[in-house]
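Before any questions on how it binds or moves, here is one chain, the form predicted alone, in structure tokens.
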Amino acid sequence: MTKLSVNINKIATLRNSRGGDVPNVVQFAKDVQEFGAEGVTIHPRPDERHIRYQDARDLKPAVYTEYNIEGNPIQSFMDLVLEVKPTQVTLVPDAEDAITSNAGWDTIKNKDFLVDVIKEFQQNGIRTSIFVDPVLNQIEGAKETGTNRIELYTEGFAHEFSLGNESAIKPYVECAELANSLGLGVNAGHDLSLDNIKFFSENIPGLLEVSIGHALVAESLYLGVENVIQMYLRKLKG
């Protein structure tokens, strides 16, 4: 069954806009788990413009489901993850000034680097996942890094699906099938929403986890957080 991990970066963005502690990200993480979410995701960036490094530490005792920390494995990020020891670390090749993630790893070009990073995390008991585009040779390259899982970058699917192009799912299906055959777990994330999650999850074989933040928070403004989480769970499980 596919797990729903809620990315709470947007809650931190809202908090930081006023300089206080409202909304409180730790309480929000507790609430989404109480409402049924099966994981909490954060993506701290070096400028701490939303999730701060201290948030990652503060969240550790509050997250009793899957705790997933995403980010570019610069030294400060690696030190943080090794200190906090989440369930999973998802490696994302973000530029420091990126507004949001916009590409997966070139797993072939960056193989040696990824092998070293992944080995260090795994030796500390942290499951690894790497953010990849839906390209078959990149899945093969991911296998060579020793990672436990991949996370399929789904912006392209989400955009095409919104235009009525259901065939945009095809490269994701093919990559998931290949990953399954290679023994890689499959996660997915970016621009997944209530509009597209059911179609996506029903068509991706062996989909273990989806990480959803921006859409879920935006939908919750109108429909309520607890209600929206239950809506996602029904689409994922039903």
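Please read these numbers as outputs of a predicted model, since none were measured by experiment. The numbering used is simple: start at 1 and walk along the sequence shown.
Not pictured, yet referred to below: the form predicted together with a small molecule.
Could you tell me if residue 2 has a non-hydrogen atom within 4.5 Å of the small molecule in the model of the complex?
Answer no; every heavy atom of residue 2 is more than 4.5 Å from the small molecule in the model of the complex.
Applying a 4.5 Å heavy atom distance criterion, does residue 212 contact the small molecule in the model of the complex?
Because a heavy atom of residue 212 falls inside 4.5 Å of the small molecule in the model of the complex, the answer is yes.
Might residue 55 be said to contact the small molecule in the model of the complex, defining contact as any heavy atom within 4.5 Å?
Residue 55: no, not in contact with the small molecule in the model of the complex.
Hey, in the model of the complex, does residue 191 get a heavy atom within 4.5 angstroms of the small molecule?
Yes - in the model of the complex, heavy atoms of residue 191 and the small molecule come within 4.5 Å of each other.
For the chain shown here without its partner, which stretch in 167-175, 182-190, 58-66, 30-38 has non-hydrogen atoms within 4.5 angstroms of the small molecule in the model of the complex?
Contact-bearing stretch, as computed: 182-190.
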